[in-house]
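One chain comes next, on its own, written as structure tokens: the form predicted on its own.
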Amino acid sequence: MEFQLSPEDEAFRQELRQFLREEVPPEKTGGMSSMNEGDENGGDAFAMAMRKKLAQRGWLTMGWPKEYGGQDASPMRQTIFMEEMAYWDAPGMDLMGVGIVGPTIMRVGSDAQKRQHLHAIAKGEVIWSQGFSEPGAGSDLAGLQTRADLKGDVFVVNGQKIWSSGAHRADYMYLMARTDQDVPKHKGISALLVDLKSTKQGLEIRPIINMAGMKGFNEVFFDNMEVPRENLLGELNQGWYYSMGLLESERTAFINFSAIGRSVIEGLTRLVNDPDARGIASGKRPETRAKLADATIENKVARNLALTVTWMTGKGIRPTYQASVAKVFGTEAFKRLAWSAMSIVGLYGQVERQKQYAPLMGRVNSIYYTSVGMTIAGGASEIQRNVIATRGLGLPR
């Protein structure tokens, strides 16, 4: 792997940094925007305005083919974009629409679906959510029980989804539902594109307020909700196989954990060396220095693991277990950093973001409350370790 960026990639990084310095004021940061897409950082209006500015520069969908509004950018260029957005805590990314829904529609969608959805995503005009996990089917997605029964020209949907990111403000949902009850569980699932704004009956969305005070997740209930048959994505009962492909699109997001972590470590280093920082552990204390040194080393390892996955993808090498290694180490190092950060700032870590005396604009508070969930979202660490064991080490199931 080559760790030195090309001159073109480095020039892009500097251009993006300058843009973020000018466009993202400090008061719009502090809520881990790169992870929750800006919902808690100044509201939807600023996040959507940022998204459109990114789209106008061609950055939002830079990795897409040119025929769909992209730039055919390399995986490394996309990773640079995500890393800088996360480091600067900038809202505006579209992890679901750009990274998951769009590529899947390109691959298996109808011409009508491509015309309807891809242009709108590329222009930053719509918000997508995902309807995957259920109370009894999280990491085991094939165990989902929400059913969609085809009756004439419509699918009638009944069931429940949970942890549906952004559903409370989304225009559309990528919904996984069971369309055949009589076959092995992974063979009877289909993918539906649901127009949330136009659906008037049989749909209820309840935001879930997490311990950090964020409402990015939702419960979604379906009670005889009707979805037109033409909203079926791809072939009937093939949704499981599509989901396996689309979840691989999340790989470039692994860089977010080290990028956010690096920003926090740098902020903590400045803070503990500030003689006016009231109540904060001094940078001269051995335990403080040790915590920051450990966090810095782990952060660099996490970044290199994420970049290795990017490099492999760019070379056409499928990171069958390397992606799981990057995910496990990155999220667990992020969790350890959160605990260290809270111990360093002490009781001031309880001060919420945007409040007076909140260390690092409230980032310590945010990552402390949300870091545990990161080891679960996108595939729990236990599942990832199983992948490493079977695919990487060749151990029996």
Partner chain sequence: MDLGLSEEQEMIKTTARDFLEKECPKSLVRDMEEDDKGYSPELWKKMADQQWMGMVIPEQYGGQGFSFLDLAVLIEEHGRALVPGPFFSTAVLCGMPLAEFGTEAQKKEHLPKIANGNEIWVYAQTEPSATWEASGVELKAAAQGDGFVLNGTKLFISYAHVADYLLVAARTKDGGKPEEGITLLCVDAKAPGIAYEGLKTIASDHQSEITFKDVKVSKDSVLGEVDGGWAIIQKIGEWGATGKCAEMVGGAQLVLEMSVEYAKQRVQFGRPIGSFQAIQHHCANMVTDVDGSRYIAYEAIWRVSEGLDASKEVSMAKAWVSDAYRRICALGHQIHGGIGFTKEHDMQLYFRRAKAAELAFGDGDYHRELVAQHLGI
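Positions refer to the first chain, counted from 1. Keep in mind it's a predicted model, so treat the numbers as computed, not measured.
The following text describes the form predicted in complex with the partner chain, which does not appear among the structures shown.
The three marked residues, 16, 20 and 361, fail to reach the partner chain in the predicted bound form, with no heavy atom of any inside 4.5 Å. Considering the partner chain in the predicted bound form, the lone stretch of 287-295, 149-157, 171-179, 227-235 in range is 287-295 [heavy atom distance within 4.5 Å].
Only one of 126, 280, 307, 137 comes within 4.5 Å of the partner chain in the predicted bound form through a heavy atom, and that residue is 307. The contact residue chosen from 115, 300, 107, 206 relative to the partner chain in the predicted bound form is 300, the criterion being a non-hydrogen atom within 4.5 angstroms. Not displayed here, the partner chain is kept clear of residue 368 by more than 4.5 Å at the level of heavy atoms in the predicted bound form. Using a 4.5 Å cutoff between non-hydrogen atoms, residue 273 counts as a contact of the partner chain in the predicted bound form. In the predicted bound form, the partner chain stays beyond 4.5 Å of every heavy atom belonging to residue 376.
Contact annotation: residue 196 falls outside 4.5 Å of the partner chain in the predicted bound form, judged by heavy atom distances. Taking the partner chain as it sits in the predicted bound form, the stretch 368-397 comes within 4.5 angstroms of it through a non-hydrogen atom at 382, 385, 386, 388, 389, 390, 393, 394, 395, 396, 397.
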